[in-house]
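Okay, here we've got a single chain as structure tokens, the form predicted on its own, with questions on binding and movement later.
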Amino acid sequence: MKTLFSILLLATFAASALAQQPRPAKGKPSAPKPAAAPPALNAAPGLARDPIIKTQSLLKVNVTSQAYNVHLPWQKESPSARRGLGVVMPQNHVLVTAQMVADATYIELEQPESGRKLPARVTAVDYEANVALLQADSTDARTTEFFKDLQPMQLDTGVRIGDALSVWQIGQFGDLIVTPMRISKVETARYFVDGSVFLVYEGAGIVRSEGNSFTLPVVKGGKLAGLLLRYDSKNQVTTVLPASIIEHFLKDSTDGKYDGFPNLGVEFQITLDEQFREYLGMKPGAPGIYVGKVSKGGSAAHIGLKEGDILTAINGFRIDSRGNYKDPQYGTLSISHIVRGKAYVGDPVTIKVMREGEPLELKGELIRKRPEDEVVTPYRFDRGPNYILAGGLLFQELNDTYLDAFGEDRRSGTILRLSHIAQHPEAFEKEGRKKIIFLSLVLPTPSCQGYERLGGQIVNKVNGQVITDLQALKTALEKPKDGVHAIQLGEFPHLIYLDDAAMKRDDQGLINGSFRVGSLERLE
């Protein structure tokens, strides 16, 4: 899974780019001071300069982050620094991208001109939608003083294709740098984490590379139209996270209980091929897409959608053979935006299908399957990987973060096999597994001699007990038979044995030993 930072490096956009998060503070802001207009830029022909300049709506955001080592999960990677921009929101909150504050250990707000700083913390975050809110982590008096001359920025959710926008950046000395751009396309695309497909704006224009290029606000008429997601310097194409997604996030988080965006949970096939349509019994010109898979725990399964159905409409929007609908604001869009953009968790939904040649209407409520409820967790930030270390055998939950750490090596050998399992976990779900537990590494301990090359094996049973998750593994390891643990694996040699007394001696030797093991387990 590529980070936004790595994507921007490949695009040669900015060496310091990564997503950020904002912090809110209490106190009523006073009227903003007038700001001097920035020097003229090389504006593209036909792009109007934004007449409203509000430097009081931006803060620098400095973040120190430290992710966990997925291969040695009791350790952390080396710390790294991220610098970006935050947008001041009402109630002294600051908006940034979630990527900016992922695995953050310290967050700091900084006024661009004066350099005054204030510690901050995350109050709400959505890694799928790539947005986060920050709040000052200080006394009310210091917070009020820090924000008194800052002006919250309003949202503009009415952007359409052809609109002229501008990207705001802060220069080295606190000066505002404005870069014009024009929206050329609206579509759905991946955000930060794999599988997180949401609405995006695509714009044309050259974006300068500054020292703190993240998060960059995209502005229309002095209002926030979105946040910059990616910039392709070769083709001069900018991808923007729209204000409508930000508005959804802000409304959802106001009550202190963030539900997130609902998910439909289906995989579908387009129905353009005439032979396929004939096989399905679809009449010429009939709308709809073929439902190839319904994920357990998603909205579709919740309301009764089935594999083999032909999905023809959602909430009154007709679905064409490509899986698109006509959006009243943006035109042709993927149906994913109806659920992951317009709707909230708990909203009613009506789905029309053709099932075995007969029309059927399904009704229910939209829900969200949390990433931690997936058999294979798609991402995990701000917390270390779950694991159990037993006598040198390291057991972990199979997840995409672990697999993505191998980069291109994910496509070969043992990791390719694990990747295939992660993409098709249905058989394990049917067995009742909550997580897929695998033997990720064998440390060189006396009790594990001869097992050194067994990493990457799925664990099926331990001491006769089916391993549905790490807690089940922990319970099974407490019940050796005649002082010996029998561990059944999915591949050769299928069954290995571990002496319980030797395992416990090795466990004591691992604690604070050469591998710097601080704890033999993490179960969260």
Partner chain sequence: MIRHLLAATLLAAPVLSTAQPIDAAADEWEGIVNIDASMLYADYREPWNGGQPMSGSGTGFLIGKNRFLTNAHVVSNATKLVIRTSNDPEPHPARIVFIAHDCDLALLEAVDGSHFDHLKPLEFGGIPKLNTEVIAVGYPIGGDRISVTRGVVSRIDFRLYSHSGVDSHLSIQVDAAINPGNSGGPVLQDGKVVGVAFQGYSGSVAQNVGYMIPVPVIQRFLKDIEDGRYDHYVDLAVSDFPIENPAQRRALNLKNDGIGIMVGEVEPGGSGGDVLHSGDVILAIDGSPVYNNGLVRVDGELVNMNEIVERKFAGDKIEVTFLRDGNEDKANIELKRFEPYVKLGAAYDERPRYVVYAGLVFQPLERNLMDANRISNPQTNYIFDNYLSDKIYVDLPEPVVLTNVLADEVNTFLSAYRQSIVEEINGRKIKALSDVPAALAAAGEDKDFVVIKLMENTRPLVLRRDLAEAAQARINQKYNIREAAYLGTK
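A quick note: this is a predicted structure, and the numbers were derived from the prediction, not measured. Positions refer to the first chain, counted from 1. Heads up, when I say rigid core I mean the largest set of C-alphas that superpose within 1.5 Å between the two forms.
The next section is about a form of this same protein that is not shown, the form predicted in complex with its partner chain.
Colleague: Give a yes or no on whether every one of Phe276, Gln449 and Phe492 sits within 4.5 angstroms of its partner chain in the model of the complex by heavy atom.
Modeller: Yes.
Colleague: If we define contact as a non-hydrogen atom of the residue within 4.5 angstroms of the partner, is Ala204 a contact of its partner chain in the model of the complex?
Modeller: So Ala204 does not count as contacting its partner chain.
Colleague: Should Gln172 be classed as touching its partner chain in the model of the complex when contacts are defined as heavy atoms within 4.5 Å?
Modeller: Gln172 lies outside the contact set for its partner chain.
Colleague: Contact with its partner chain in the model of the complex for Asp499, defined as at least one heavy atom pair within 4.5 Å: yes or no?
Modeller: Flag for Asp499 set to yes.
Colleague: Can you check whether Arg383 is within 4.5 Å of its partner chain in the model of the complex, heavy atom basis?
Modeller: No.
Colleague: I need to confirm a contact call. Of His420, Arg160, Lys234, Lys363, which residue comes within 4.5 Å of its partner chain in the model of the complex, counting heavy atoms only?
Modeller: The residue from His420, Arg160, Lys234, Lys363 that makes the contact is His420.
Colleague: If you check Lys296, Lys293, Lys342, Arg190 against its partner chain in the model of the complex, which one has a heavy atom within 4.5 Å?
Modeller: Going through each option in turn, the one that passes is Lys293.
Colleague: Determine which one of 406 to 414, 115 to 123, 331 to 339, 255 to 263 lies within 4.5 Å of its partner chain in the model of the complex, judging by heavy atom distances; exactly one does.
Modeller: Single hit among the candidates: 406 to 414.
Colleague: Is Glu372 one of the residues whose C-alpha moves 2 Å or more between this form and the one not shown after the core fit?
Modeller: It does not reach a 2 Å shift.
Colleague: Superposing on the rigid core, is the Cα displacement of Glu113 between this form and the one not shown 2 Å or more?
Modeller: Shift of 2 Å or more: no.
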